[in-house]
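A single chain, nothing else alongside it, follows as structure tokens in the form predicted alone.
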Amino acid sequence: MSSPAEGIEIRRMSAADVPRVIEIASGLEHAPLYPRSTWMEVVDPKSVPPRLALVAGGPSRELCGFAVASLLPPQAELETIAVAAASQRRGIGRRLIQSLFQDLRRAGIQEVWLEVRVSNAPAIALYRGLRFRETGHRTSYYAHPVEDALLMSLRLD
């Protein structure tokens, strides 16, 4: 029996991927709605701080997800992870994060931290399943709508 995420290729995000990344983010309630210029900074190898950005694509090569982390050695911040609505609940988010962890370890990163909306139960469940632990709470951290953030971290061993 094949895994739902089988056939998904994970690779580095490129400038050519930015329009589809924006399209995916625009279709999701919790994804960041960055302007194109911000996404172009994400794929710029000279960005400060440096970022690691990955995309996931299916057999048709259409992108269905992405993940971005900023590197602040020995730590990294998971800035965002998103999977297109039609491709969710298939293990793609987990595959993206696991690939991201491999690349972060190779970059000497020892700990990953993140903020997540307290109402984003699917994301919180994913992070807990990956052994992230809760480390704090930020009141009214998010806007549109105003909402608290849960802080989580994971040691990469």
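Since the structure is predicted, the reported quantities are computational estimates derived from the model, not experimental observations. For every residue, the number given is its place in the sequence shown, counted from 1.
Not pictured, yet referred to below: the form predicted together with a small molecule.
- Taking 33, 48, 125, 40 one by one, only a single residue has any non-hydrogen atom within 4.5 Å of the small molecule in the predicted bound form, and it is 125.
- For the chain shown alone, residue 91 is a contact residue for the small molecule in the predicted bound form, at least one non-hydrogen atom being within 4.5 angstroms.
- Contact check for residue 75: every heavy atom lies farther than 4.5 Å from the small molecule in the predicted bound form.
- Contact check for residue 120: a heavy atom falls within 4.5 Å of the small molecule in the predicted bound form.
- In the predicted bound form, the small molecule sits within 4.5 Å of a heavy atom of residue 28.
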